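What follows is a single chain, given as structure tokens, in the form predicted on its own.
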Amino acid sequence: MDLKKITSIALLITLVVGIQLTTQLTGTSYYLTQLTMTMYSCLLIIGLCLVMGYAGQISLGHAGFFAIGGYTSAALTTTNLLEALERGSGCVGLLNKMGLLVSSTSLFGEPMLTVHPWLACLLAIALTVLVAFAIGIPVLKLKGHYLAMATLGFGIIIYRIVLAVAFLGEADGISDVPGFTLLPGLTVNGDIGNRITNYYIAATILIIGFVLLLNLIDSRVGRALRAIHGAEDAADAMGINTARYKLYTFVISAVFAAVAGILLTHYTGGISPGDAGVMKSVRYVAIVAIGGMASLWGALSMGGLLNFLSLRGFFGSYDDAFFGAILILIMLFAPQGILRLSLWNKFKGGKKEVQ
């Protein structure tokens, strides 16, 4: 990384630490709960920014990938496999011998044997990759509003599945999801005593993901993606495998969404069909549009601000209406995002001409 990028990341880390110290000094540490949830959501948003801003693909189904990750991990870590082990299930017995199952006790004092969160996480990511490939191969051949409609259809399918399947809790979703121990002493959960630790865990994961994407867009792959976004036919004529680049970018973005879903589910202790709703996808698209389609920094900053305000109830019962309206306004008056206002750029350009 160049010096400018290193300096920017250092300032971001300083901001993260500064926010935590400020909440501690002012007695507002309860803000860290919403900030932690916001950072996991931002993980999805920067992944979506990669697809929309650099590969030029509009996705209205990323809430579906979020749900695949969250629901898969939640189901595997809350389903009691003790009866299957007692019946002599070979698969469950093998997993138990390999130390991939965890013994615990339910809220009612019943013994439980569930899949280890790390295994559940890996299986959730693997399932997301398979689904992303299965959806991406045919869907990414479409363009414009056809692509948007196809990804919207995918999101609706996922929403109806989680709403109707009893194993996934139907309308109630899945609750009592255990914490996710990443390393000894570092557990993703909603315990108040671990509030600061979880804040820094989320910040670390977000910054790592952000740096990975920054390096990606500054690499040969990033240059190819910008060429595809600028003129796909011309990029294809120059020998760039546009189909492969778009597909891989879509899969990477889906993995970011799944990881966000997994971590946020373990942090909050549950997931519901509302997390897979269409308006969730619209919200993510609106945030990327506000920050600037081809600006990871813009997506990160707007995602952090707007998600935090939403979680604090700033928009009240008009939450979904706000994000829908702001998306329309951005597309009409500032399609490059409010951080790159075309009117402001024209004003500066006009001022130079006058001089």
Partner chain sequence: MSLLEINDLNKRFGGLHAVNSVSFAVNQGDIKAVIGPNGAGKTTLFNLICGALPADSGSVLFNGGQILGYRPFQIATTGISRTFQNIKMFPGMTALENVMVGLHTKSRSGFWSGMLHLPFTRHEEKKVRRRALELLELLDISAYADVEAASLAFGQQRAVEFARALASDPTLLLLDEPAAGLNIYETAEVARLITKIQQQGITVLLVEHDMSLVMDISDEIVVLSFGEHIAEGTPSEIQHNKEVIQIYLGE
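Residue numbers count along the first chain shown, from 1. The structure presented is a predicted model; accordingly, all values stated were derived computationally and were not measured.
Absent from the display: the form predicted in complex with its partner chain. The rest refers to it.
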- Item | Contact stretch among 149-157, 212-220, 197-205, 177-185 - heavy atom within 4.5 Å of its partner chain in the predicted complex | 212-220
- Task: Classify residue 226 as contacting or not contacting its partner chain in the predicted complex by the rule of any non-hydrogen atom within 4.5 angstroms, answering yes or no.
- Result: yes
- Query: Is residue 172 close enough to its partner chain in the predicted complex to count, meaning some heavy atom within 4.5 Å?
  - Reply: no
- Message: How about residue 192 - does it come within 4.5 Å of its partner chain in the predicted complex, if we only consider non-hydrogen atoms?
- Response: no
- Message: Can you tell me whether residue 80 touches its partner chain? I mean in the predicted complex, with a 4.5 angstroms heavy atom cut-off.
- Response: no
- Give a yes or no on whether each residue among 230, 234 and 249 has a heavy atom within 4.5 Å of its partner chain in the predicted complex. yes
- Pick from 90, 239, 99, 109: which residue has any heavy atom within 4.5 angstroms of its partner chain in the predicted complex? 239
- Let me know which residues along 56-91 have a heavy atom within 4.5 Å of its partner chain in the predicted complex, or say none if there are none. none
